[in-house]
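Heads up, the chain below is alone and in the form predicted on its own; it's given as structure tokens.
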Amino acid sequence: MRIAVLSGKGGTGKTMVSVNLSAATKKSTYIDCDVEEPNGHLFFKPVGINEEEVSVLIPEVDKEFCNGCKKCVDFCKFNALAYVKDSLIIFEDICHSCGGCVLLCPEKALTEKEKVIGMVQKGMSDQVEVFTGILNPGEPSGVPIINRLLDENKSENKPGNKSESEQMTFIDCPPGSACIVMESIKDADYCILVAEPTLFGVYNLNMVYELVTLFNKPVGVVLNKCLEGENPAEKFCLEKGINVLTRIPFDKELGLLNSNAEIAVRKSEKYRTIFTSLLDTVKKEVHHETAFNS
């Protein structure tokens, strides 16, 4: 069972929700796909960390074979290639590793080499298996790292004593609705959208709601930082017929726990109850969707 946690922007509480849901589960997997700025590990403080570099293939040119036809330059939509003063120049930092230029080169002057773009880390925090993706600064795309994270988790969670559908995996997605978010949710069984109770929060909520709807994913909303009075995000959910899974209050205790990188369910009985209840609700939603679609 793969649960993706999304938000339209940073700071809504996406990581707080995914970390606490993972910790509220007796045995679970937490995958931090926010590879540009992962911070779930700050809460979990995993031990026994293993690291593995992630590489992509980028072109390199043998100038003896290059005849300056510029077919590769014309092909590249990212402007990663330029032909200047009888020499082909490759801008590695903006290459998207599609490999098209290598296939297209009539003189076979282009080959591929590996370039390290980041790493994945794996460790344990109590009974939570923690996966973290880290993208090196300046790299154009974190998609290869996200794919490695999700593929590695798939291979480790093959059915055994416990069926794969019963295993709880929480995917802490990047904020927004870009390609890296799409890649994070593609295999999710259910999506949780975390929203703030403001008009700006409604705008960002609608953005990610349209995304998960495009992917035909079942969805529910967690309303975070709730105050007394009108809640535009809740009104939006009612108008769209979106299920509100829970409402987390704007609370000093929770704010202090988060600012100190503490996991609320491990420190507070009140929040252990809130997130355990949310977890039960999510499980029921997923099982309902599975039964409905079968």
Partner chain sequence: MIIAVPVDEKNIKSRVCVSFGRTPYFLIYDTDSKEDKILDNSAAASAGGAGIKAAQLIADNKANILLTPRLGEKAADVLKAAKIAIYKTTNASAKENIDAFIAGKLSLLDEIHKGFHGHGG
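Predicted model only: the values in this text are computed from it and were never measured. Numbering follows the first chain given and starts at 1.
Although not depicted, the form predicted together with the partner chain is the subject of the following passage.
Under a 4.5 angstroms non-hydrogen atom cutoff, the partner chain in the model of the complex lacks Glu107 among its neighbouring residues. When the partner chain is considered in the model of the complex, Cys179 lines it closely, a heavy atom lying within 4.5 Å. Asn79 belongs to the set of residues with a heavy atom inside 4.5 Å of the partner chain in the model of the complex. The partner chain in the model of the complex is approached by Lys70, whose closest heavy atom lies within 4.5 angstroms of it. Heavy atoms within 4.5 Å of the partner chain in the model of the complex belong, among the stretches 187-195, 216-224, 123-131, 136-144, to residues of 136-144. Taken together, the three residues Val84, Asp93 and His96 all come within 4.5 Å of the partner chain in the model of the complex, as judged by their closest heavy atom.
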